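Starting off, we have a lone chain in the form predicted alone, written out as structure tokens.
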């Protein structure tokens, strides 16, 4: 790309915020150069200033979304920060399962799931340690704003470098098939996971049915990219979707924007949050 050509990075940052509510710091404007390479190629362009000119000249919602998706952070790995998974296994899930014994349903949500490793990790956790769930209705929802990463999650196909990040060897043998240079998630894991595109900061959250309710929600390392009003609105929606005895996991450096709605619980070397009910 032509480095000395003027690029209105402020316009691009505002565009990304308008579409995804992601707040991009000006000190990281250099990321536009690398992450929008594919967008430029798809548009037959060579320089970012050409892209900005086109976006300014005519409203193109699809192109705006493509730019915003390209700038979304998609960092993930299997069993990332193992402590929440261990706490679920040892303490939290046994209690939730006992409480759901008559209904025999379990719903979990990996919000901002990226390429699906977190949702697959939850599925493997259930399959590995909770055989009493055979015959239950279990759904692990995975959502992300990026259609590209959702398609990869749906394919359940991972490269060696992804497999080497956090996946125990015994899980690789039991839950993956080696196909060519890649590993593909086996059907027993895949059938528990449902991946779809969704914007956490849209007019409403993706789950709108009257019966939509989750037992466990992972919303980790997402809100640090949002401003305070967006965080408040998102967490209020999460509160409505979480069962009264459900569990919310945030990133290790994240806190709910409205603490009046949540009770923090320190256990197992990590923190999770329980929804407070209106008095």
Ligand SMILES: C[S@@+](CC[C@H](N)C(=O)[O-])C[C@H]1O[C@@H](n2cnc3c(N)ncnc32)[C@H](O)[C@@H]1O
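None of the values given here were measured: they were computed from a predicted structure. Numbering follows the first chain given and starts at 1.
The form predicted in complex with the named molecule is left out here; the points below concern that form.
The single contact residue among 138, 82, 198, 155, judged by any heavy atom lying within 4.5 Å of the named molecule in the model of the complex, is 198.
Just one of 114, 88, 106, 193 comes within 4.5 Å of the named molecule in the model of the complex, counting any heavy atom, and that one is 114.
Stretch 216-224 is the contacting one of 216-224, 28-36, 54-62, 237-245, since its residues have non-hydrogen atoms within 4.5 Å of the named molecule in the model of the complex.
In the model of the complex, no heavy atom of residue 121 sits within 4.5 Å of the named molecule. Although the partner is absent here, residue 255 is not a contact residue: none of its heavy atoms lies within 4.5 angstroms of the named molecule in the model of the complex. When contacts are judged by a 4.5 Å heavy atom cut-off, residue 167 does not count as touching the named molecule in the model of the complex. Residue 22 belongs to the set of residues with a heavy atom inside 4.5 Å of the named molecule in the model of the complex.
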